[in-house]
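Coming up are structure 1 and structure 2: the same protein chain in two forms, each one given alone as structure tokens.
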Structure 1
């Protein structure tokens, strides 16, 4: 149980509701910041403005999956007011206070470091990323069906990257009957692609590999789908970019050439917020329980 633990949950989307539900069931005291328009009430959770929070009593801060933007602002679908997390607020917290976020950026990393508070990136964890790949793949299938006039079965599909999401995407589309080629750089990834019964190629050869592609799904958070690559694609190719913003595609050139390119980060929160929220809630609750136990020892 998390009895006696004070947790501040800042902003976010529907995934945060599952986190709040789980933590209140474990008897934590929750401050909800950026939830003014939320109709549902949780026992043990109180709505507050960020300037009303007593940060000197907060044991943990939970941010949405994207964390903050580069100005420190936090997106929320439950409030029209802007929420900003500052270094000054973090410095008010007890030294044991940890900040939990899906991912980070320059601003968030700098303020947590300057305030000497530990930042936990949940999406750096293998368990979260692998579980999260399930709704990501389902959302990708949905987008592929919505934005093409041909079946996945029999189509020529390119997947870029064989990380935790890339592997799930490649395997699932292969089982749906697509002819799947996977681009990677590491020799062990190229070997794994072969072992999976898929067609491997080195990322250096990407321009040559896209000449007959029907779809390209990118999972690499770097500009890899360049203008040179897009120029070699058939005009009907659909690009679905799953990498975190700003993605790995030259969207300007894709639009200029008439190639449909969709940036789709955060698919789990869109297509399956309840399931995605439960994944985060289960991992978060265990981390918080471990932290509370270690502080009591």
Structure 2
């Protein structure tokens, strides 16, 4: 149980509600900042304004998946209030206070480091990334269906990258009956692609491999779907780029050539906010329990 732990939850979207539900069930005391338009009440959670929070009593701060923007502002869909996380606020917290976020940026990394508080990026964890790949794939299937006039079954699909998302995408589309080729650069990835019953190719050969593609799903966060690659694709190919912004596709050239290319960020939060929230809630509650136990020892 998290009895006696004081946690500040700052902003967010529907995913945060699953986190709040789980942490209140575990008996934590929660300050909700940026939730005044939320109708639902959670026992043990109190809505507060950012300037009312007693940071000197806060054991953990939970930020939404994107963390802050480059000015320190935190997005919330439950309030019009502007919430900003500052270095001064962090310095007021006890030294054991940890900051939990999905990802970070220059601002957030700098203020946590200057305030000497530990920042934990949940999306860097393999377990979170792998669980999160499940709703990501479901969202990708939804987009593939919405934006094509042919079935996934029997289509020629190229997946780029065999990381945590790429592997789930390749496997699921294979099970849906697509002919899946996967591009990677490491020999162990090429071996794994073969073992999965899929067709491997080296990324160096991408231009030659796209000539009969119906769909290309990119998971590589680097400019790999270049103008040269797009020029070799059939014009009906659909590109779904899952890599984090700005994606790995030359969108300008795709538009010029009339190839439909879609950047599709944040699919878990769009197609399955409840499940995506539960993934975060389960990992977070375990980390907070470990933290509380180690402080008691």
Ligand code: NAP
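Superpose the two forms; the largest set of C-alphas matching within 1.5 Å is the rigid core. Because the structure is predicted, anything quoted here is derived from the model rather than measured. Residue numbers count along the first chain shown, from 1.
Trainee: Which of these two, 1 or 2, is the form predicted in complex with this ligand?
Mentor: Structure 2 is the matching one, since it is the form predicted in complex with this ligand.
Trainee: Taking 2 Å as the cut-off, check whether the CA of residue 45 shifts that much or more between the two structures after a rigid core fit.
Mentor: It does not reach a 2 Å shift.
Trainee: Would you say residue 227 moves between the two structures, meaning its CA shifts by 2 Å or more once the core is fitted?
Mentor: Yes, shifts by 2 Å or more.
Trainee: Once both forms share the same rigid core frame, by what distance in Å has the CA of residue 249 shifted between the two structures?
Mentor: Core-aligned C-alpha shift comes out at 2.3 Å.
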